[in-house]
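The chain below stands alone and is given as structure tokens, in the form predicted on its own.
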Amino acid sequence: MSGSGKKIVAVSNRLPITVKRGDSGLEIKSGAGGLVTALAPVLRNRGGTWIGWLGHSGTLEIEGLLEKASIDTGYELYPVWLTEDEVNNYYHGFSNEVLWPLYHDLQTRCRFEPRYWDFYLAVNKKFAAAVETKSTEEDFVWVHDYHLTHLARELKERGVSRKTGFFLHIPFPTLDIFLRLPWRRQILEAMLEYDLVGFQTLRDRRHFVQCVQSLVPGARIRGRGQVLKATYRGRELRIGTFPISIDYRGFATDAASEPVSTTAWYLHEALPERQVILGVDRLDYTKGIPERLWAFETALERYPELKEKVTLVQVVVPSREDVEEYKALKAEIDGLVGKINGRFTSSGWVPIHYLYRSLDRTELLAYYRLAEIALVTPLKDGMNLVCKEYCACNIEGKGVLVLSEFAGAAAQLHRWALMVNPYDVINVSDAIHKAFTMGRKERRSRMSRMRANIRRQDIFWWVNSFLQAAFSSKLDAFPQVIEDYIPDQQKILVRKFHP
């Protein structure tokens, strides 16, 4: 499905699908997460390509499944195959035991194993080879996140000329924390090989600039505003701030649909005469789920009027279940939920409804519609799109957003959300009570302003601002694709490109 003409080639650690062996053989399902939510509407029907790992070691005979999945998604899917050693050392090792905790200010969780670094470089070479195969000099190669900081450097090592951009979806640490990384200078120099380096917030960009100025001799950075200019080793690049967003119109439209409205009504019937507080998180120690549960327990202690009048629906999406640290986190969450429910449950009322599973889109949007209060309280987060999805789906304008100061979204929404320090259980419990007692007029005023902000700076605004900074081009420069099919064969006949 590569088509012709200029296209966006997205490169990330994971493809936006998962492959699992079911009762009837191999099955492909849509992936989850902020990057999939953000990028899928952009690539769809534009002849784009997404390069990534399928999420397991080894290879599978799935060419036919991938072809069908590419048709279904509207863009080509191209897998990079990793061995078990590469998965253990590049993904579980360097990416998730070094960079992930370090970039989230949790350096005590880091394991600086030298072999991790060697595998990290080797896998970045694999991805560079895939980019060389699936792109042309006319394409824009958009690399995503901390797993692939070295891809632009590896392309140049191969003599491959491409326009490249890198976007970091997670926070970038301060200089004093980044200094602990044994490969600190190599990471910075590799990032400076891109034509554009993007961050979620001004804070993250400031931290990166400080690290470059302190650790990379010869690098010069100048300018002000959203995009800075830098020179290094005789070439110029740009460093910008681009807060990622969502397909606002898609979420708002789907939230108003009959299936979502019906599901929300049934959920409401099961939780009558009380305000629903919603938390939706992937299982991860950066999300602050235990701290949130402690804060909710504290709120019930300090404000008895909340009893039987609120219900916390906490959704935890399984993640990295084979990692001991995540097993321990789940056990902690399970224990806290049991303890709080055992302590406060009364006839007809259970304080916490705990769902440890993924929700399909209809059910998720129904919970967004249902909830009067959303608790988005990560200990540290690059952006956090849950809060934006919640606002987009809050079409009645009745919701209150309680938001962590340490989420990237705080830079955009702090004037209208109730801002909290997730480490301060008293502060969060007070915010829960304030949200519970907030009047309809104030709720509508705060929510309407957040929705307007997210609608204005949606996912297409994000892409346009990034492409404009990269090479003075917008999404319109990448042609729309119309596909004609033979219905009985489901094969593409014609791909027509329209500007």
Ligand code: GDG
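Residue indices: 1-based, along the sequence shown. Only a predicted model underlies this, so the values are computations on that prediction, with no experimental measurement involved.
Another form, the form predicted together with the named molecule, is not on view; read the next lines as being about it.
Q: If we take heavy atoms and a 4.5 Å cut-off, which stretch out of 385-393, 343-351, 110-118, 185-193 is in contact with the named molecule in the predicted bound form?
A: This holds for exactly one stretch, 385-393.
Q: Quick check on this chain: which one of Tyr303, Tyr423, Trp100, Tyr285 has a heavy atom within 4.5 Å of the named molecule in the predicted bound form?
A: Filtering the options by heavy-atom distance leaves Trp100.
Q: If you check Leu370, Val212, Ile170, Leu155 against the named molecule in the predicted bound form, which one has a heavy atom within 4.5 Å?
A: Answer to the contact question: Ile170.
Q: When the contact criterion is heavy atoms within 4.5 Å, does Arg357 count as touching the named molecule in the predicted bound form?
A: So Arg357 counts as contacting the named molecule.
Q: Is it the case that Met419, even though its partner is missing from this view, gets within 4.5 Å of the named molecule in the predicted bound form, heavy atoms only?
A: Output for Met419 is no: heavy atoms all beyond 4.5 Å of the named molecule.
Q: Is the gap between Val123 and the named molecule in the predicted bound form 4.5 Å or less for some heavy atom pair?
A: Taking the distances in the predicted bound form, the answer for Val123 is no, it never comes within 4.5 Å of the named molecule.
Q: May I ask you to check whether Val131 falls inside a 4.5 Å heavy atom distance of the named molecule in the predicted bound form?
A: Val131: no, not in contact with the named molecule in the predicted bound form.
Q: Need the contact residues for 112-148: heavy atom within 4.5 Å of the named molecule in the predicted bound form, sequence order, or none if there are none.
A: Residues within 4.5 Å: none.
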